[in-house]
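Shown below, as structure tokens, is a lone chain in the form predicted on its own; questions about how it binds or moves come after it.
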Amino acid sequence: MMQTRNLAILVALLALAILAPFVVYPVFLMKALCFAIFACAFNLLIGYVGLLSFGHAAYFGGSAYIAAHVAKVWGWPIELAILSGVAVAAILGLMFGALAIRRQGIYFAMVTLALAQMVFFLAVQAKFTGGEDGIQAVPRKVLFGFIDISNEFTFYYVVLVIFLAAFALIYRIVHSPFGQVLKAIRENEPRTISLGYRVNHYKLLAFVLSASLAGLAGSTKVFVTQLASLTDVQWQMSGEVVLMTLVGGLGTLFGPVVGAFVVITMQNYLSGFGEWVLVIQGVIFVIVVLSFRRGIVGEIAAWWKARRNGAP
């Protein structure tokens, strides 16, 4: 019964996603889907391993610069440009993760932030990044030789497929034996070590997977907006993905997706308020944290579980 209900919900959500660009501006939807991948990637690390990274902008923005450069300057096709961004994000995740997992708690968070700031400094100083101007007018070439992504409706469905593939991968990771070990590390790391698991290896692999998916989000987003800029790699972007995850629901599969759409919607429709957008976001964030401590999806899931169990 529950599997049937879940399947019906998934089919309804997929139908909504397919019809959405006929009602909502496709570029807005594509941007939200990219940030949903980013938030899901971040949630894989904090929600299922318990590692709070303040440096995920390094993988998101770094991959965006690489993808934009190889597509515009070297003339690579979009599929190879995206893969190159993911590869660079994975390499950065491997190097940074190997250093960061040696520490725990706030020390882990500060190490990731410091490493991300090094990437930001490199983006400011390097010639290929364009400095404060960034890399503009990134070309949208034909995908796989026959898919014309210059058409926004066509490109939306390409981005939707990328999102669904990333979400399916995260779902498989979370529900695999590997994912169960990650949850065990989050709940009780000393006990997991006592059971014979090489905890640091699992942490590092989770870190690389999270960085790679963040790179996929950044590489895809750069072709949506056709711009790679310092905004993608600065520390505020790392804070933004934390906000998305907490608003949607930490440690839930759909929570980061909902949080990403909520935050991107606020940024889009409240842009007329200028700098006050940050204040409004802060107020909404405080209200959500105080009223929905599990996040939007987390609270809905808890209510539904209590309802099923017959709680008043």
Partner chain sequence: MFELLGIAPQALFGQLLLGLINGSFYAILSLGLAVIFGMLNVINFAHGALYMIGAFVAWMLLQYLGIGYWASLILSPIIVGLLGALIERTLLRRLYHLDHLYGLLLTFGLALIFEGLFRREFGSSGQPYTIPDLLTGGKNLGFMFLPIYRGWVIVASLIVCLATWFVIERTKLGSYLRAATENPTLVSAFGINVPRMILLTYAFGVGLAAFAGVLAAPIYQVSPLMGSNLIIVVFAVVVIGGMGSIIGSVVTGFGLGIIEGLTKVFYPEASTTVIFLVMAIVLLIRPAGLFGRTR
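From a predicted model like this one, the values you see are computed outputs, not experimental measurements. Under this definition, the rigid core comprises the largest set of C-alpha atoms superposing within 1.5 Å between the forms. Residue numbers count along the first chain shown, from 1.
Below, we refer to the form predicted together with the partner chain, which is not included among the displayed structures.
A.B. asks: Ile185, Ala109, Val224, Val208: which sits within 4.5 Å of the partner chain in the model of the complex by any heavy atom?
C.D. replies: Residue within 4.5 Å of the partner: Ala109.
A.B. asks: With the partner chain left out of view, choose which of His201, Arg191, His175, Arg102 has a non-hydrogen atom within 4.5 angstroms of it in the model of the complex.
C.D. replies: Residue within 4.5 Å of the partner: Arg102.
A.B. asks: Which of these stretches, 232-240, 157-165, 67-75, 191-199, has heavy atoms within 4.5 Å of the partner chain in the model of the complex?
C.D. replies: In short, 232-240.
A.B. asks: Find out whether any non-hydrogen atom of Leu115 is located within 4.5 angstroms of the partner chain in the model of the complex, and reply yes or no.
C.D. replies: Residue-level check for Leu115: yes, a contact with the partner chain.
A.B. asks: Classify Phe121 as contacting or not contacting the partner chain in the model of the complex by the rule of any non-hydrogen atom within 4.5 angstroms, answering yes or no.
C.D. replies: Yes, Phe121 sits close enough to the partner chain in the model of the complex that at least one of its heavy atoms falls within 4.5 Å.
A.B. asks: Does Leu290 reach the partner chain in the model of the complex, with heavy atoms at most 4.5 Å apart?
C.D. replies: Yes.
A.B. asks: Please run the contact check for Asn151 against the partner chain in the model of the complex: heavy atoms, 4.5 angstroms, yes or no?
C.D. replies: Although the partner chain is absent here, Asn151 would stay clear of it in the model of the complex, with no heavy atoms inside 4.5 Å.
A.B. asks: Is the partner chain in the model of the complex close enough to Trp276, Gln281 and Phe285 that every residue in that trio has a heavy atom within 4.5 angstroms of it?
C.D. replies: All of them do, each having a heavy atom within 4.5 Å of the partner.
A.B. asks: What residues in 58-90 sit within 4.5 Å of the partner chain in the model of the complex, counting heavy atoms only?
C.D. replies: Heavy-atom contacts to the partner chain in the model of the complex: nothing from 58-90.
A.B. asks: So that I can tell if Gln281 moves, could you say whether its C-alpha shifts by at least 2 Å between the shown form and the other one after the core superposition?
C.D. replies: The answer is yes; the displacement is at least 2 Å.
A.B. asks: Is there a C-alpha shift of 2 Å or more at Leu14 between the shown form and the other one once the rigid core is superposed?
C.D. replies: No; that C-alpha moves by less than 2 Å between the shown form and the other one.
A.B. asks: Core-aligned, is the CA shift for Val23 between the shown form and the other one 2 angstroms or more?
C.D. replies: The answer is no; the displacement is under 2 Å.
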